[in-house]
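Here you get one chain, nothing else, as structure tokens; it is the form predicted on its own.
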């Protein structure tokens, strides 16, 4: 038993690729995703802080950096599948939690186990930092699917992933960082070359209209 096994496992995250089984022009590993989510969360946290919110930066970085470590045990499962039913999502979460807990108890030195039980637990909670993580995770998912669509990937899964990610981002629309994203960043994304020929502009408008209708 020792931290050596944990350090070794970090390299394994480089070999777990997201959205398995689908043709992709660019592969994205779980390790790469974790880095990008942390970068996005950092920016979103700055938006919140400038808006007067108190950000626990240590908690935010720890949540973002570690949020997908449990995928080491069950791999990446496509978002539409993972969220197909609440029962399936709950079952997968229980498996992840159990295997992560067993790994910590068996491989992490005793004096650090309590720390890692916190670091590697589900980070998307009701705290500001947990909500920022939830948004940052979907922003990166949005960009991954956007990149495939922009390159002309005909696989419809990526349109579904884009839609699901944007709808989830809208669920946090009361947050300052989400308002900034929708106002300043999303229009720039949709202005990218070739996007006007895809379904994304109409799909984005449809999702926005549906959200506004819900608000009214």
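Every value quoted in this text rests on a predicted model; they were computed, and no experiment measured them. Residue numbers count along the first chain shown, from 1.
The protein also exists as the form predicted in complex with a further copy of the same chain; that form is not presented, and the subsequent description refers to it.
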Inset, instruction - State yes or no: in the predicted complex, is some non-hydrogen atom of residue 206 no more than 4.5 angstroms from a non-hydrogen atom of a further copy of the same chain? - result: no
Legend entry - 4.5 Å heavy atom contact, residue 163 and a further copy of the same chain in the predicted complex: no
Legend entry - Distance check, residue 182 to a further copy of the same chain in the predicted complex, heavy atom within 4.5 Å: no
Inset, instruction - Classify residue 36 as contacting or not contacting a further copy of the same chain in the predicted complex by the rule of any non-hydrogen atom within 4.5 angstroms, answering yes or no. - result: yes
Inset, instruction - Taking only heavy atoms into account, state which residues of 117-140 are within 4.5 Å of a further copy of the same chain in the predicted complex, ordered by sequence. - result: 119, 139
